[in-house]
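Only one chain is given next, in structure tokens, and it is the form predicted on its own.
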């Protein structure tokens, strides 16, 4: 552990903070990634639709549009070497009436003018060839072949593991409770002691305004927006193989229906402005609205079971735009208002933020050596299971702990042996899919809890 001074402190280990830490690991500098919770990706990053957007549905000419497009390109180029699955199944933004068709036509013209020329307007024949179970009555759609579904849990983990493997320090359970600057050095107060750094990059997500206030800045305020989701059982996966999107309104992108890389079907989100960023509740009204929308779009979903429901809280601000604010005189960058496009834009955001921060002082020099590679195990339902990957699987890879998801003892033990091991049941679920399946841990929950308790006891022994 670096006990001295850091060049950069990244506050917040969501997908954007982890991507920025990874980007900084390519340079000859000392970086620390600080997370208030016991695990990374445990805030806004854990609750999204896991669709990798091209940027064609973001405000054209905006910073968000540019960084999402760049993030999408980089994800396709870099994710495979990290072991992250990408299923480029494409999306259909569907119009159901003449008013929506007019909006769709305008959207497409704007997208082409902005440089997104790969999407095309298609008619009912194309739509129903792509998704024959879709409700009747679709008038037209924009077909975007480059949109994809990805693993939203393994992505921040992969970025953080890559950063740690390449000399970034990760410190969990360390909320920043105070900040002051003395002689050009920031002192960040945490329960584990002060952290000294030349530059602060605030990726506090839902609490970015609170973190900024510690540094003396108050030019934006967070506006959390809750989005509820329904997860349908894997039996529903055969109903569609494309992302179905609604024609968005100026204030709401609407409810989408999409497959997941885990073999389920996902419906959501709602859009509810809330006051408390810790309000992760699902509601009867919200879930009922989602189910009604789901059956209106894909009627046969009514014959399939709901496996789970969950909620995501998106970190908006008082403006509907990214709030990436460089503060050169203070050596501080605020990275806020990332909202629902953080997963898609993270690598583009990281590149942009590091370029901003490198101008604060001495020029950042790239490391002379190539980055040390890492890979995370793929949790995609289409990839071989552990017992299928070798002719002679290890015994632990033959012992299935979670039968719904096919999670083996070997996968769980590997998660505990990671440089960033899970420290909670939720974190273990995100690493391995254990207890995420149809029975929601009814069969394996006690065993999984016991394995976690034993691992935690071993770390403190």
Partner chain sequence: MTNPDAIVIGSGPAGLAAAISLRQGGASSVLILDRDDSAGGLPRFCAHPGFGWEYTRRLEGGPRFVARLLAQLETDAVRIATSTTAIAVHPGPEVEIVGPRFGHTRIAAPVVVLATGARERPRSARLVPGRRPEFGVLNTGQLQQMVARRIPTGVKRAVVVGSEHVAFSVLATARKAGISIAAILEDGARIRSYPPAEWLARLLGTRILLKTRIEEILGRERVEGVVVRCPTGALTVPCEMVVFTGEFVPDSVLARDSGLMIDPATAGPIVDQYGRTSVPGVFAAGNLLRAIESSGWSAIEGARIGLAAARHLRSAGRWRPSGATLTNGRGVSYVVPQIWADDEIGSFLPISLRASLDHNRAQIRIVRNDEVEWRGRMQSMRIGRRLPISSDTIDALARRGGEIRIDIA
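Every value quoted in this text rests on a predicted model; they were computed, and no experiment measured them. Positions refer to the first chain, counted from 1.
In what follows, reference is made to the form predicted together with its partner chain, a form of this protein that is not presented.
- Residue contact with its partner chain in the model of the complex: residue 100 places no heavy atom within 4.5 Å of it.
- In the model of the complex, its partner chain lies within 4.5 Å of some heavy atom of residue 425.
- Using a 4.5 Å cutoff between non-hydrogen atoms, residue 172 does not count as a contact of its partner chain in the model of the complex.
- Contact between residue 399 and its partner chain in the model of the complex is found at the 4.5 Å heavy atom cutoff.
- Contact annotation: its partner chain lies within 4.5 Å of heavy atoms from the stretch 306-314 in the model of the complex, the single such stretch among 186-194, 306-314, 135-143, 239-247.
- Checking 206, 230, 353, 161 against its partner chain in the model of the complex, a heavy atom within 4.5 Å turns up for just one residue: 230.
- Checked against its partner chain in the model of the complex, the candidates 219, 318, 388, 383 yield a single residue with a heavy atom inside 4.5 Å, and that residue is 388.
- For the candidate spot formed by 284, 443 and 450, every residue has a non-hydrogen atom within 4.5 angstroms of its partner chain in the model of the complex.
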